[in-house]
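There is one chain below, alone, in structure tokens, taken in the form predicted alone.
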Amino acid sequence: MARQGRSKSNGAQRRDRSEEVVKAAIKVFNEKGYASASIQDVADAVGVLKGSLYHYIESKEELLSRIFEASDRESFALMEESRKLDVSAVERLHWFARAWSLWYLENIERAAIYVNEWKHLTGARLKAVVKTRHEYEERVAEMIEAVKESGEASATLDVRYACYFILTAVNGLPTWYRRRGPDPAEQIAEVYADMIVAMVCHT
């Protein structure tokens, strides 16, 4: 009984470094690419032995999956927040386009992984990501359709193409944005939102 008590005490005192491990994985995967990165690289970034890392994860793929899950939670939270706004359809689209672009810019390393590394997932994890990507398309399409129904967009606007345009524009941010660039993230996000709304309303 005494041994069990000590074990429980030691477990309670063990520092939970799960979040630190995920942050380290984001840094390593972004710098080296998921395929070239190793669990040892992540362990070195955290400052622990490789074996100790398995207290927090089962595999490198699980780390990648956690990055995707956290990103999806935050993106869908923005979508839900936009739905609750008491504004016009155009204003809702603008708000979301700005907020989502800003999320990408403020989390550019994680966004780059999300855009470029998803095909490394396998099995159920890959299926979940593909399903989520379709859900993104559906929700963005709903916002565009609402603008069209309000009369602010042309009746001939192809919602599907407009949706692809928006997703491609936002997903393209990691290809060129650098934190040390001349323009602040807030300004870029505002410009992106303006251009997205202009595309939808003037097409």
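Everything quoted here is computed from the prediction, not taken from an experiment. Heads up: residue numbers just count along the shown sequence, starting at 1.
Another form exists, predicted together with a further copy of the same chain; not displayed. Remarks below refer to it.
Engineer: Quick one: of Ala162, Ala37, Ile26, Val147, which gets a non-hydrogen atom within 4.5 angstroms of a further copy of the same chain in the predicted complex?
Structural biologist: Answer to the contact question: Ala162.
Engineer: With heavy atoms only and a cut-off of 4.5 Å, decide whether Asp194 touches a further copy of the same chain in the predicted complex.
Structural biologist: Answer yes; at least one heavy atom of Asp194 falls within 4.5 Å of a further copy of the same chain in the predicted complex.
Engineer: Verify the contact flag for Gly151: yes if a non-hydrogen atom of it lies within 4.5 Å of a non-hydrogen atom of a further copy of the same chain in the predicted complex, no if not.
Structural biologist: No, Gly151 is distant from the partner.
Engineer: Heavy atom to heavy atom, is Ala70 within 4.5 Å of a further copy of the same chain in the predicted complex?
Structural biologist: No, no contact at 4.5 Å.
Engineer: Given that the partner is absent here, does Trp176 sit within 4.5 Å of a further copy of the same chain in the predicted complex, heavy atoms only?
Structural biologist: Trp176: contacts a further copy of the same chain in the predicted complex.
Engineer: Look at the candidate spot formed by Asn107, Ala111 and Arg180 and say whether a further copy of the same chain comes within 4.5 Å of a heavy atom in all three of them in the predicted complex.
Structural biologist: Result no, not one residue of the spot touches a further copy of the same chain.
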